[in-house]
Ligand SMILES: Cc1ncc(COP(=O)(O)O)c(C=O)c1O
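Single chain ahead, written as structure tokens, the form predicted on its own.
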Amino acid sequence: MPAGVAPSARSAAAFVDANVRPELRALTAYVVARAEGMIKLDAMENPFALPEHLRSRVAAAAARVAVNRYPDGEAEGVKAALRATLALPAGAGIIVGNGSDELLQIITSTLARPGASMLAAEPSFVMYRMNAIYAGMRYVGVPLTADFGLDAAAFLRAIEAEKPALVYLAYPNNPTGNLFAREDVERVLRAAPGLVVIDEAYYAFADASFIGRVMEFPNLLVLRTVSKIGMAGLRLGYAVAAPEWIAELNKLRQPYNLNALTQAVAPVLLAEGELLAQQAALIRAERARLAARLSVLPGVRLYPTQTNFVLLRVPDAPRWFASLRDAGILVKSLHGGHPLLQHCLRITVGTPQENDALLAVLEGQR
């Protein structure tokens, strides 16, 4: 824009182009698909509603909230409920966030010193890379093997070459669903010079966890969310690590980051350990039934999973996705997102009725 031109004569686009960071201008916003009236099998939610008696208790807890007042800035009630549920190792610290998404931002920003790099496996949760871009941190992705295993040798070489300040490993991995070998994760922890975040969003459906070892490895942080176990609407995530890490992360946490309604309701639901375990067991059982039916479909390759979703490679992912959408079923097409995910669909395990509807469509594909 020529000098001397009045601001009122310039378009908003011109101001944006002149002032927003180029790497952010190049991004596409994360879009959540609209699912009104659809069978929603795209977002890894727990498909089971709360029983009526528990809804009443939730309503009573919410009704007691003084919404005209700020919430507890430290969310001590939620942290106490989490500690009681998790049986954390003595001395471990905990921080809570508005979903694990906020904690990803906090963690990345904390480690994004000038020249620092982040290391992650690919394909994995897309927000690792996105947060690196937001924070101005150099991102380095290490490809998984063809069957989605962690290429430990390549990962360790990347650690040696990059000296990353931050490493992310999803355990189990999203979107592939598999659990990396425990020994390989331990090798990463021992080799990494910075913080290693083990993202255990799907811990309730897996056979392994590192949360009991956060005091064993001084560079380990375990990140979790309650979204996959029936509380996605509460937006509650938490991270567990040595207190020294938690003290630094708390410096970047916004005041009152966890709203009063979540603080009131979460302890009520977290106390329902038996119900949550029963629902997780139902999902695992449906996962096995769904996998058995999907694995015999012509041209389909089903991958091992320890999450609440299945990943399958199909002959024509765009066509299969469209067929499901036309039938009122929303899944996640990963086709085009990463070379290793060509013609892959990710399908959340739903209720038995939802899974039957899905199978009826897919078993009719030709």
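Keep in mind the model is a prediction, meaning the values are calculated, not measured. Residue positions are given as counts along the sequence shown, with the first one as 1.
Beyond the structure shown, there is the form predicted together with this ligand, which is absent from this document and is the topic of what follows.
Colleague: Given that this ligand is left out here, which of Arg213, Arg289, Arg138, Arg235 has a heavy atom within 4.5 Å of it in the model of the complex?
Modeller: The residue from Arg213, Arg289, Arg138, Arg235 that makes the contact is Arg235.
Colleague: Exactly one of Gln105, Asn259, Asn174, Gln279 has a non-hydrogen atom within 4.5 Å of this ligand in the model of the complex; which residue is it?
Modeller: Checking each option against this ligand in the model of the complex, the one that comes within 4.5 Å is Asn174.
Colleague: Is Lys228 close enough to this ligand in the model of the complex to count, meaning some heavy atom within 4.5 Å?
Modeller: Yes, Lys228 lies within 4.5 Å of this ligand in the model of the complex.
Colleague: Whether Phe217 contacts this ligand in the model of the complex should be assessed with a 4.5 Å heavy atom distance threshold; does it?
Modeller: Phe217: no contact with this ligand in the model of the complex.
Colleague: Answer with yes or no whether Phe155 is in contact with this ligand in the model of the complex, where contact means some heavy atom within 4.5 Å.
Modeller: No.
Colleague: Given that this ligand is not shown alongside this chain, does Asp101 nevertheless sit within 4.5 Å of it in the model of the complex, heavy atom to heavy atom?
Modeller: Residue-level check for Asp101: yes, a contact with this ligand.
Colleague: Is it true that Met44, Tyr128 and Ala170, all three, sit within 4.5 Å of this ligand in the model of the complex, judged by heavy atoms?
Modeller: Verified in the model of the complex; spot residues all in contact, yes.
Colleague: Just one of 105-113, 196-204, 289-297, 182-190 has residues with a heavy atom within 4.5 Å of this ligand in the model of the complex, so point it out.
Modeller: Of the stretches listed, the one contacting the partner is 196-204.
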